[in-house]
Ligand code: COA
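The chain that follows stands alone, in the form predicted alone, written as structure tokens.
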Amino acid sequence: MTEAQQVIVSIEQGILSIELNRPDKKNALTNDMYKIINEALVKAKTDEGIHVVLFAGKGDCFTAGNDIADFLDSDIAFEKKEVVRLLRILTNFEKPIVAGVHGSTIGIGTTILLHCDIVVAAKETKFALPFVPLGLCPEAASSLLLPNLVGHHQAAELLLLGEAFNTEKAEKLGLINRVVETREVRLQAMALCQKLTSLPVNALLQTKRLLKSAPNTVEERISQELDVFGKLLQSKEAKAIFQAFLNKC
């Protein structure tokens, strides 16, 4: 199997699908695989025909995380590795990202979900953040994003102990949105992508931007929202939707 086949990238009806396809290695990620993912995301950022990104995995799992052998054997300086580039891209990625995960969802397989907007998981999915047990520290801003999501104590347990946890706990913590049967994961994730692509583009992008913006006071956020709201209110897209509504009345 070629490196290109280990990540399947496709575009359909405004949805860019990125599927990990290295099932014999539990979809463990190599530098070359990250490069393909990064090129796809860069295209998604600049292509106005792409509205949503979908992450998924072929075979019996999403991903077991980084391919340790590839990660250690590479002579590429750490800061120049494609995984570092991926994290930089995700930080400022403006379009909605949906993930459909199943089976092993380990390491960056879990931390990447903190950068997704909607996550669908199969019932048997197993998550883990085994950085400390591997002698490492958390990545992908998970030491910031996870406590913000689940609170310090829960985040500390997940990140310090690195123990696996199931979908019941992931859903309770708010790490995932929906739990479905394995055979339904991609179908349900794709359905959500299609629903997102049917929504007004500018409103979608501006809402995600607000969700991802830096924390501020309630008063500051109200001002920020009102500024965006006022601009959207004057957009051709919004005016067309309002007019269509009025025509039905």
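In this text, residue numbers run from 1 along the sequence as written. These numbers come from a predicted model, not from an experiment.
Omitted from view is the form predicted in complex with coenzyme A, to which the following refers.
This chain is displayed alone, yet in the predicted bound form one of 33, 41, 204, 28 has a heavy atom within 4.5 Å of coenzyme A; that residue is 28.
Scanning 187, 211, 222, 68 against coenzyme A in the predicted bound form with a 4.5 Å heavy atom cut-off leaves one residue, 68. Of the stretches 106-114, 171-179, 151-159, 77-85, only 106-114 has residues with a heavy atom within 4.5 Å of coenzyme A in the predicted bound form. Contact check for residue 134: a non-hydrogen atom falls within 4.5 Å of coenzyme A in the predicted bound form. Using a 4.5 angstroms threshold between heavy atoms, residue 227 stays clear of coenzyme A in the predicted bound form.
Coenzyme A in the predicted bound form comes within 4.5 Å of a heavy atom belonging to residue 64.
When contacts are judged by a 4.5 Å heavy atom cut-off, residue 130 counts as touching coenzyme A in the predicted bound form.
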